[in-house]
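This document starts with one chain, in the form predicted alone, laid out as structure tokens.
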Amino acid sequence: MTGPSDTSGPFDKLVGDAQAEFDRAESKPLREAWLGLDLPAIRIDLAGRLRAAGIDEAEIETRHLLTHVLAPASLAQALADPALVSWQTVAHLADLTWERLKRKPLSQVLGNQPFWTLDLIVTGDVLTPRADTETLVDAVLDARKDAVLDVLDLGTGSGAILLALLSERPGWRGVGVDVSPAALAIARHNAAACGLEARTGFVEGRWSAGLAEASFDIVVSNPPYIVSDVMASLDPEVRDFEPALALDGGADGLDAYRDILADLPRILRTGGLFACEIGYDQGEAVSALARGAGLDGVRVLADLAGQDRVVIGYNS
């Protein structure tokens, strides 16, 4: 027999569940602030909050966040038709914005990052691929146009460099090495998502130590190169959310280059190409290490901002 208090139906339960979810959401302050606001007003408020949090590209990031939650509708369509913006959409936007306001990188908030022509999965287990690193990809593609080559990517992280190279050269094969099993899981996922799984392999290990007798035509790397004493002064997005293992280059920022170049004569074939990313002030030091490892034709290449970004050389 039903008692007098058992009068709620399915709709009442739905409303109750929605209210409970609203109340326990960490982003509740944002959800409350945006109640009753239309999309243009939310857009203005969101950008203002990002600016207040010290995020320089607040307007650009606002557009990225809105585009993400509104998909498959475009921002223009949603601005023209308020019916495309549900309370669930606003709640999702509030959740993502709340994470970004903590200075969590936008790539980790959204879960992906464009690099080269690819869209890569990104988590806190890997560095976010940066546009500056495309300088390395450009340099390798410009230097080697052979139809069939073997490529090694040391410290592959998300797989960004290796996958970008293979995406442009259908006959190339590649191996990515990383000491982090979590990073390798991301790299494998990205290789499969990019349709490059058949031409890639991944190995857990510290630089080239676990590669036995393998050798390669191209060796690339974006190793950790930040001076240890500088780590604490990095932007919160990097310092607090990206793996220190992939950032900290030791007392002078050159530890990884020494380790990589010491074994390079063993793994780089005669005539092979070596290319690595560097910090803006490390061109001379890394070039000297490369020459010390027996490389010829060593030179430093600048990125689009004019900063030294890549050291390249050949095993002749």
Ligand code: GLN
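Residue numbers run from 1 along the displayed sequence. No experiment lies behind these values; they were computed from the predicted model shown.
Separately, the form predicted together with the ligand exists; it is not shown, and the next lines address it.
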Partner proximity in the predicted complex: Asn222 to the ligand, non-hydrogen atom cutoff 4.5 Å: yes
Though only this chain appears here, would Leu154 touch the ligand in the predicted complex if you measure heavy atom gaps against 4.5 Å? no
Though only this chain appears here, would Leu39 touch the ligand in the predicted complex if you measure heavy atom gaps against 4.5 Å? no
Is Leu101 close to the ligand in the predicted complex, meaning a heavy atom pair under 4.5 Å apart or at it? no
Only hit among Ala139, Val203, Ile226, Ile121 for heavy atom within 4.5 Å of the ligand in the predicted complex is Ile226
Can you pick out, from Leu254, Leu247, Leu289, Val69, the residue that has a heavy atom within 4.5 Å of the ligand in the predicted complex? Leu247
The chain here is shown without the ligand. Which stretch in 140-148, 125-133, 175-183, 69-77 comes within 4.5 angstroms of it in the predicted complex, by heavy atom distance? 125-133
